[in-house]
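There is one chain below, alone, in structure tokens, taken in the form predicted alone.
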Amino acid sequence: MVWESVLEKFKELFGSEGEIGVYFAPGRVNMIGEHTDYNGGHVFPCALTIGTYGVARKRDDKKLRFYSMNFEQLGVLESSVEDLKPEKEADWTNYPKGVMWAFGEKGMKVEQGMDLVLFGNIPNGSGLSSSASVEVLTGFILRDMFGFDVTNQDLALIGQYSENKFNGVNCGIMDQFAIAMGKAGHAIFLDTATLQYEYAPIKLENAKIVISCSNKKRGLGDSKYNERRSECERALAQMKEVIDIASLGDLTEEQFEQHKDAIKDEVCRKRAKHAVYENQRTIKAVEALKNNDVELFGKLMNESHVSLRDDYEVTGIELDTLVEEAWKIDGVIGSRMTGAGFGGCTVSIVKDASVDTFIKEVGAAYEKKIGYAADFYVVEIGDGPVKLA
């Protein structure tokens, strides 16, 4: 078991006395509905069986001692629960510290320190939400250790708040929500404007979900993520002058086409078009699954990628290569980029008989064109956070 090696590492670093808890929070993949979550639209993510393992123990003092088995070169990183603030860029401890800070901001002050060892088997910077996984995991641990009265949905909102306000990334709610509220065998059809959601079973007969990781590293805060968000905000402001809406997610395709000239800037108009059409695609995709029409679901995935490439311009050569090569393989039902873009991963639905061919041929074509290898993960849909021991 993975968690046993994390527990062993914890005892080696911090000793075996006291009450030690072992926890897990998943990563997530979004099947369709990209860059809609901050535009008041729908998303359709699911939790995975890969994620972040944490071993933690409460301390009697204010000291925080953090260690990541993914960044062993950094060693044990120490700080305090007093005066929590973001440290230098790229220090992973900003995620757990941000959640502790956010709990305090919500009236639940963390008064004691902790020792924490993490290990994630989600590839870092892959777009499978390793950061949100750490945030939800930290919140889950704090609830268990300190008895804070919060639901899993609260944990998602606190995680988002910490990423927005502590780490300075204007992420929507999708990642944290999918991780905190995950259910095995189901994706979550979430209306990000109202947080109304339903679980939709993903029944893929004779097919698998395959994630292809581009291995192109990216940082969300310095990517064009915040830029895209502000372009959509400008588009929305101009749309509001001609039609009574709260978000781009309120618009049908017809309404958008009727009023799109209100958006003066052509680039902002393209961004808004993606947000509107992608939201409607997501609604249609969930309906297709309910009707057991996996082929239509796959077709909508493909259309989603084209829109992200041409209208939202967040794909890049790495993700485009993975998707375009996937489309050439017999047995690929649908393939698209997933996550914020600019690197990260694609998600594909592939018939069982074609999975090996897919990995071999897409992998070879990608390495030939890009110059380094992609990694492939055949994944299953898992539950939300859990205490393992």
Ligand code: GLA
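Fair warning: this is a prediction, and the values are worked out from it, not measured in the lab. When you see a residue number, it is the position in the sequence shown, counting from 1.
Although not depicted, the form predicted together with ligand GLA is the subject of the following passage.
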{"query": "Which of 288 to 296, 205 to 213, 174 to 182, 252 to 260 lines the interface with ligand GLA in the predicted bound form (heavy atom within 4.5 Å)", "finding": "174 to 182"}
{"query": "Residue (of Y225, W92, Y161, W101) lying close to ligand GLA in the predicted bound form, criterion heavy atoms within 4.5 Å", "finding": "Y225"}
{"query": "Contact residue in the predicted bound form, from P45, G339, G41, G54 (heavy atom within 4.5 Å of ligand GLA)", "finding": "G339"}
{"query": "Residues in 270 to 307 close to ligand GLA in the predicted bound form, defined by a heavy atom within 4.5 Å, in order", "finding": "none"}
